[in-house]
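Next up: a single chain in structure tokens, the form predicted alone.
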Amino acid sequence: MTSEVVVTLMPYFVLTAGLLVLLLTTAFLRSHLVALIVTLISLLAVLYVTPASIESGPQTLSDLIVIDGVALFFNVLFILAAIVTTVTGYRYLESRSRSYEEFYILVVTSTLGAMTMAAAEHFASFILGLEILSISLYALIAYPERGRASLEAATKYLILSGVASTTILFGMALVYVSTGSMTFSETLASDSSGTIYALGQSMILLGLAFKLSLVPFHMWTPDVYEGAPSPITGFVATISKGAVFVLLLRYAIETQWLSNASVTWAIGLIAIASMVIGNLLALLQEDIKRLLAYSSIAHVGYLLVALVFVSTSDSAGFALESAMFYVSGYFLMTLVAFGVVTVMSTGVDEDAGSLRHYEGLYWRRPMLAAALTIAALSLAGIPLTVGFIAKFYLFAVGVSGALWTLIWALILGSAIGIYYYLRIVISMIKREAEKPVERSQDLNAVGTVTVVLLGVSIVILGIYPTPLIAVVQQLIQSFGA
């Protein structure tokens, strides 16, 4: 292993070392604060070594993983999600659990799994990263010791996700039978129209569609989001979907399986169904976590526009650029929204799920209300927010690829979404006739500051997105797209 490879792999080495230190610290010293500090130092250390890893250029390790600009970009997003989850979850855990340290171990482990997925180049690293991420999330969803809702959510996720993983494994086996290889770039069968090959690719697609909670494989999503602890709901909504999507995008580009018109048609149909049905079902929700669950289904449907574009263009560069920018905005918006829910749920036995909990919030906690307003408006794609720029990117991708049906579905879904996002804002503004539902007076100052800063970044990137766009364009050059 050369020095260049070591430098490129440094983010993975650092996070693995941090995980080992966290395990040893927890074994000998049971301290919530120490666990938090070790976790944050490990995550920040990964961010510190990432620039050097980018400068060392793309590296491939034994055909298992490829560390390029795209993988490292998503790694930064995963680290950001982990940092926000640990910071906002610190006070949240103190009122809900007697054992805190394992929470941080699971967060770091799942982050490592997501990073592995972002760099996967082989079926072995694909399934390894997926299971490291998934198994950690099963435990995280059930982590608090109070109430049965989280245990029920974790059980549903465990069973259904296990079925999806099995489907993916079976699909991999069929593709291997057809091609004799498990490396992405080599899984192109000489007879790609063969029944076994087509069935294997279809099973992989269906399993990943479940992991992304795309329609019609979305039924688990609202129940899991509602039952999971608020900080973990935001973590699941960002890191798991981001990891699966970048893996799907890399797999689609390198295997060229989107060159099959039937596959492209199927993905387009799933995208349209997710955009429309996700938004329509969100209209019916009175629980903000369920509302955001259906919203996330629609947003992943929007992202599939970039995936479909790959099949209509000789270059995947524009698709990658739009997808990376959109995922960045989605991470920020979702972390802010669930961060506010986490802060509102601190110090009480029940999460602040109902929209009634947010009535008159502007008159009680204006900073939190402002942050949630920015997140909601950005999710709706209102101008001067990063959400508007992100959707404009996808609209431009659709126009470039003449994907008119997907464009109209995107427009229709966005129009529907404006209504239920504004419901959240109006609930916080109006002075209700009845006394609002009181929440804990524990302000969770650190969590509040975190979500407010992220909310400000949403506006800054909506007004001046050029720096982020420049970074994305520079990083995708290493992908060879």
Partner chain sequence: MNVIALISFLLAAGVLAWVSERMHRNAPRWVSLVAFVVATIWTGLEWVGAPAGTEEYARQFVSWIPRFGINVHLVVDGLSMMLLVLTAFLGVIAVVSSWNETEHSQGFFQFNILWVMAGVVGVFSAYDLFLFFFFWEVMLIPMYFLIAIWGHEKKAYAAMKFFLFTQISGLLMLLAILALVYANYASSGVITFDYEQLLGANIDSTISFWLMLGFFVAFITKLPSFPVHTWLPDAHTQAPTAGSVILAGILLKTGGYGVIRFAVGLFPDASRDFATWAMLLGMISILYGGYMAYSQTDFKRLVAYSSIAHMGFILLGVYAFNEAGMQGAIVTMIAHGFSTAALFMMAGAIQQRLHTREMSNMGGLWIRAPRMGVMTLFFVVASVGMPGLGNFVGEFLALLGAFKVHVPITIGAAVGIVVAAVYGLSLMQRAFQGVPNPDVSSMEDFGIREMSVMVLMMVGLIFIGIYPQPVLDMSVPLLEQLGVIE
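Positions refer to the first chain, counted from 1. Predicted, not measured: the structure shown is a model, and the values here were computed from it.
Form predicted together with the partner chain: not shown, discussed below.
Interface residue among Y143, Y100, F318, F126, judged by heavy atoms within 4.5 Å of the partner chain in the model of the complex: F318. In summary, among the residues F395, F217, Y197, F73, the only one with a non-hydrogen atom within 4.5 Å of the partner chain in the model of the complex is F395. Of the heavy atoms in G18, none are within 4.5 Å of the partner chain in the model of the complex.
With a 4.5 Å cutoff on heavy atoms, W404 counts as touching the partner chain in the model of the complex. Among heavy atoms of Y176, none comes within 4.5 Å of the partner chain in the model of the complex. With a 4.5 Å cutoff on heavy atoms, T25 does not count as touching the partner chain in the model of the complex; it lies far away. Contact annotation: the partner chain lies within 4.5 Å of heavy atoms from the stretch 420-428 in the model of the complex, the single such stretch among 40-48, 27-35, 420-428, 53-61. Site residues A209, W265 and I270 are none of them in contact with the partner chain in the model of the complex, judged by any heavy atom within 4.5 Å. Shown here without the partner chain, the chain has I407, W408, I411, S414, A415, I418, Y419 in 407-421 lying with a heavy atom within 4.5 Å of that partner in the model of the complex.
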